[in-house]
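Only one chain is shown below, in structure tokens, and it's the form predicted alone.
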Amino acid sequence: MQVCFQIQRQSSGSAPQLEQFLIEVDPRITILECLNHIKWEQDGSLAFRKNCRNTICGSCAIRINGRADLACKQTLQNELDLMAHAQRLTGTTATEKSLSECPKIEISPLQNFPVIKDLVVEMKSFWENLEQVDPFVSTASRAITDRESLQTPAARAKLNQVGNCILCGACYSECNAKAVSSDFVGPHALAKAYRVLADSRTEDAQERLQKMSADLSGVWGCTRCFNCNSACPMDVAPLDQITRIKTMALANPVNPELRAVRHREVMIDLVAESGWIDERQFGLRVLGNHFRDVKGLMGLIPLGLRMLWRRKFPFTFHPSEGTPVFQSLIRALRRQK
């Protein structure tokens, strides 16, 4: 079948532009094989990374139709099926016939990385962020000894999911928090950080936990958008690992005055009080820190004025009828801590 590939081409420092390539291929082949076809038969200057061709090395991570994925994992047929499904969901008028005649697939480099050339990105910041969490077991067993450092099967099983990470950069590419904050270490680093925390051989877990929860560069910088979980080709679920670190950190927060920590505590307190979250109290307690954060309070004024202007400011609040049930559940959970 004929497929039209629209590939984002650019060199370092230049503006990107789309270039189209029409190829005749079997729909059962992978996107990586399609790129090989274009490079070998149409344009040898096309630049992209590849290595194992078997979803092991992570080298071929790119964006396919606006989402990060491994080019060697996604087949052309799978992509066509996704496109058809998206058309049905959005009610697009394009017919199945027009889709089968010459579907267009857009290929672009990963986001949140500087582009070197075409689909090849500079990953220096990616590795530097990973280094910040020191993703190695810190224990005396790292030294050469006369015996092994043994683990039980149950202890080892805790590492299986996070151990599947191949550091392809897909989660980093789709991370909204990384897009707005260069200080945030990224979901890949925090997933690796949890892998070390969960390892029974780690001897400095508390120090690591404090470092990762001290400010917005660590777990509290995560916006919980779920993009990393959706993008991960190996089902590592970075957001799940970040959430586990947050749960550990909330048991004894390093910085209780951090707004992200206060956000969660206030949310639970308001639900315990009324069954719902009173938005008026939520803003004052989280941003205003009970009227102690003047800058935070000032930041609420423009929002409050816009809400008043549009008649959306809630002057009254009606507690939930099921408040006693919520309160009993929260009390029971707090007793289990």
Partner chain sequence: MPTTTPTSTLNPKAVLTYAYYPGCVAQGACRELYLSTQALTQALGIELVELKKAACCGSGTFKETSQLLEDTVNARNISLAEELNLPLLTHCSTCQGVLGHVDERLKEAQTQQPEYFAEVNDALQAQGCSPYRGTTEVKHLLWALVGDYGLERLAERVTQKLSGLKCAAFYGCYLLRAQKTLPFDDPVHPASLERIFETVGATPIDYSGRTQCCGWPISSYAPEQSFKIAGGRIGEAITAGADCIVTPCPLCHLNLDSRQPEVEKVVGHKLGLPILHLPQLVGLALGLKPEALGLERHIVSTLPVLQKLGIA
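Residue numbers count along the first chain shown, from 1. Being a predicted model, the structure only gives us computed values, none of them experimental. For the two forms, the rigid core is made up of the largest set of C-alpha atoms that agree within 1.5 Å on superposition.
Although not depicted, the form predicted in complex with the partner chain is the subject of the following passage.
Checklist entry - Residues in which of 53 to 61, 40 to 48, 267 to 275, 27 to 35 have heavy atoms within 4.5 Å of the partner chain in the model of the complex? => result Stretch with heavy atoms near the partner: 267 to 275.
Next on the checklist: Please determine whether residue 289 contacts the partner chain in the model of the complex, using a 4.5 Å cut-off between heavy atoms.
Outcome noted: Result no; residue 289 lies far from the partner chain in the model of the complex.
Next on the checklist: Taking the partner chain as it sits in the model of the complex, is residue 303 near enough to touch it, meaning that at least one heavy atom pair lies within 4.5 angstroms?
Outcome noted: Contact with the partner chain, yes.
Item to check | Residue contact check: residue 104 to the partner chain in the model of the complex, 4.5 Å heavy atom | outcome: No.
Item to check | Contact label in the model of the complex: residue 326 to the partner chain, heavy atom within 4.5 Å | outcome: The answer is yes: residue 326 has a heavy atom within 4.5 Å of the partner chain.
Item to check | Selected contact from 223, 151, 255, 77, since only one has a non-hydrogen atom within 4.5 angstroms of the partner chain in the model of the complex | outcome: It is 223 that has a heavy atom within 4.5 Å of the partner.
Next on the checklist: Please determine whether each residue of 120, 160 and 199 possesses a non-hydrogen atom within 4.5 angstroms of the partner chain in the model of the complex.
Outcome noted: Zero of three within 4.5 Å in the model of the complex.
Checklist entry - Across 227 to 261, which residues bring a heavy atom to within 4.5 Å of the partner chain in the model of the complex? => result 227, 230, 243, 246, 247, 250, 259, 260 sit within 4.5 Å of the partner.
Next on the checklist: At a 2 Å cut-off on C-alpha positions, does residue 27 qualify as shifted between the shown form and the other one after fitting the rigid core?
Outcome noted: No; that C-alpha moves by less than 2 Å between the shown form and the other one.
Item to check | Large Cα shift (2 Å or above) at residue 316 between the shown form and the other one, core-fitted | outcome: Indeed, residue 316 is displaced by 2 Å or more.
Next on the checklist: Does residue 183 move appreciably between the shown form and the other one, meaning a CA displacement of 2 Å or more on the superposed rigid core?
Outcome noted: Residue 183 C-alpha, core-superposed: shift of less than 2 Å.
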